[in-house]
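Next up: just one chain, as structure tokens, the form predicted on its own.
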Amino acid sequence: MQIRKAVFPAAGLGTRFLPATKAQPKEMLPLVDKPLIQYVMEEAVGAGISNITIVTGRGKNAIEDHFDVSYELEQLLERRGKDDLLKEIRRISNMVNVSYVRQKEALGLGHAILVAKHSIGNEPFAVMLGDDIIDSEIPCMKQMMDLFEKLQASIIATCEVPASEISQYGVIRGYPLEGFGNRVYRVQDVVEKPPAAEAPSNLAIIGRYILTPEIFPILEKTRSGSGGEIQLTDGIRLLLEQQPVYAYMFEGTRYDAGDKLGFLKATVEFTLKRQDLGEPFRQYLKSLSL
């Protein structure tokens, strides 16, 4: 089995960034000069994924417009001789095959994945959340797909988080798998947002998954949890009863771009890495009285 398709859940209301997200999708917030969702899209393409289904909702038209062809803009850039910008704009619209499905109500991550069922079919697939921006030499999803070739089972991306933050995440309980340098764990249970004293580990689940198609009938039967939402962690817990699930500590730096402080940290660090902006921005930061 190979991973060819990915689901991008993007129907959330983005309440943590209000009022900026009142009329603008959270996924379109700019990190330096690219929207968040484009970074995740480029990670998927870099991993070799050829088809992406974006799960959208009301007020998300800007996402579709961004990855669509903009003839007027292309003609304008061509007339003005802005060839580099023209090339970049065309690259975005030709990056990958994109389809869209509508999640009429924001009923949780599990429900968003279920909405994409008919686009995925009966094959394993990736799930990639735009809140998590991962800076790594090898795309995080590529690392996971390479591991999937060996394990042929569902994989959850994890990273270590301090005890003070563990209650904000889903957390795994498991044991290291031999031969993988303590980076791969056989998952025994997943717990959604446990109190720090009750957390089974310090390994938090972050927004990258590879799931087998058996998750779909499970999500269809999964009961709604708090807020009437279908939680993916509940579905994964039931999947564990049928087949192995693994957790992978990826190599790279993860930024929680759905959090204001995490978004600001990503903006600073991504700017410093830019050839055109890095040095002048570094000098500016040094000039501040901090």
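In this text the structure is predicted, and so the values were computed from the model without any measurement. From 1 onward, residues are counted along the sequence shown.
The following text describes the form predicted in complex with a small molecule, which does not appear among the structures shown.
Only one listed stretch (207 to 215, 72 to 80, 117 to 125, 99 to 107) carries heavy atoms within 4.5 Å of the small molecule in the model of the complex, and that stretch is 207 to 215.
Remark: residue 129 counts among the residues lining the small molecule in the model of the complex, judged by a heavy atom distance of 4.5 Å or less.
Within 4.5 Å of some heavy atom of the small molecule in the model of the complex lies at least one heavy atom of residue 193. In the model of the complex, the small molecule sits within 4.5 Å of a heavy atom belonging to residue 170. For the chain shown alone, residue 60 is not a contact residue for the small molecule in the model of the complex, no non-hydrogen atom being within 4.5 angstroms. Proximity to the small molecule in the model of the complex, defined as a heavy atom within 4.5 Å, holds among 222, 53, 56, 233 only for 233.
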